[in-house]
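Presented as structure tokens, the chain that follows is alone, the form predicted on its own.
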């Protein structure tokens, strides 16, 4: 097993946000980070998670820590190492905290031993770097077992849980019984929703901070239509010709990037034409994302007049590029089998796209172009911690349709910033919502504009970073 590693980080100035957010929000951020510099007095703020690539947590850290560093904070990011057995247990915990059984394996002493043995060398390596008085933010179940040793070392520890369920089901109870002892004594625990706080941790040390997106990243930066077309054509997600644009984007360091690689797409026939309206869902290959349900809902919609020309693109990462999710490949293979059961005319309009992960900037640019080109973006999760792919689409002024579950309903008011499905398993309800948006162009445009405004005011990284550092400042003070 390779040792714990540190991620190289850029520095970005908060000045990027001047004029993007309200003046008082900008000044609050500058003042909060200035106070952090004073209280830290040369000490570091560490963030620790289980992967540097793939998934919303890694994307948020890469962005947030760059802005912290740009304001003079010694922000660092460490990634723990694990073996397949460890990630099988943590994926089981991921499902449990969502109220799902996952693979059904026991969360017993054997599972606890796997976690202890995997985390021990990671803790040892981290303690060699962390100084007493440093602040350490541990992210998600994979890192929870590190909290006691870091607290004993004199670090100020915050545990950040990005997932959860509104109802304490028996599965969720098993997951929290496994995890809570490790983080019960942490000075602060951060959740994405108040409802996600379990009874065992429901005290004044459990607080809520919503996740965020980076408006300037390769995934969310502005792209003109010519660039969108060139990127999607190069990636093989729409048919050529590419038009007059170039498949280019701006990297994190400000340099120019070019999309070179093609997605691996399961389809019957060719890619959709540029002018074919796309229904898009972007997410990991996870059973809780309910890709099969999206296909069934699209099949019902495609039989209606307004859906006659539409295509569906289900896009996720190349499973070989996501180290902490051993389930992804199995889920994708099951989804392919389900796709093959549809009649050929439907298979010709439903595309399962695995996006290349060799270059995370390139991957982000492809996602950006795909979301911008979508007529509608769907996030029909059965359960969802927050759902940053929805936030991304909202920022791009896309009309969105989402399940009324978890953090998705914190982002969308039904009929205002998007449409919500009361029953995420109801394929006909998805078809009805798609029909409504396709038939009513004025509604689609209004939903998109309101969605963009909601993200601008509540879900950009400057607000997220400010809240993190207000909490850290409170502990340090």
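Residue numbers count along the first chain shown, from 1. Fair warning: this is a prediction, and the values are worked out from it, not measured in the lab.
Below: the form predicted together with uridine-5'-diphosphate, not depicted.
Next on the checklist: Since only the chain is shown here, I'm wondering whether residue 219 would be in contact with uridine-5'-diphosphate in the predicted complex (any heavy atom pair within 4.5 Å).
Outcome noted: Answer yes; at least one heavy atom of residue 219 falls within 4.5 Å of uridine-5'-diphosphate in the predicted complex.
Checklist entry - Can you check whether residue 230 is within 4.5 Å of uridine-5'-diphosphate in the predicted complex, heavy atom basis? => result No, residue 230 stays farther than 4.5 Å from uridine-5'-diphosphate in the predicted complex.
Checklist entry - residue 384 near uridine-5'-diphosphate in the predicted complex, any heavy atom under 4.5 Å? => result Heavy-atom contact with uridine-5'-diphosphate at 4.5 Å: present for residue 384.
Checklist entry - Closest heavy atom of residue 164 to uridine-5'-diphosphate in the predicted complex, within 4.5 Å or not? => result Contact with uridine-5'-diphosphate, no.
Checklist entry - Thinking of uridine-5'-diphosphate in the predicted complex, which stretch from 102 to 110, 72 to 80, 355 to 363, 330 to 338 has heavy atoms inside 4.5 Å of it? => result Stretch with heavy atoms near the partner: 355 to 363.
Item to check | Position in contact with uridine-5'-diphosphate when the complex is considered in the predicted complex, options 143, 122, 90, 283, heavy atoms within 4.5 Å | outcome: Answer to the contact question: 283.
Next on the checklist: Only one of 351, 289, 398, 234 gets a heavy atom within 4.5 Å of uridine-5'-diphosphate in the predicted complex. Which one?
Outcome noted: For this set of options, the contacting one is 289.
Item to check | in the predicted complex: members of 20 to 54 within 4.5 Å of uridine-5'-diphosphate, any heavy atom | outcome: Nothing in this stretch is in contact.
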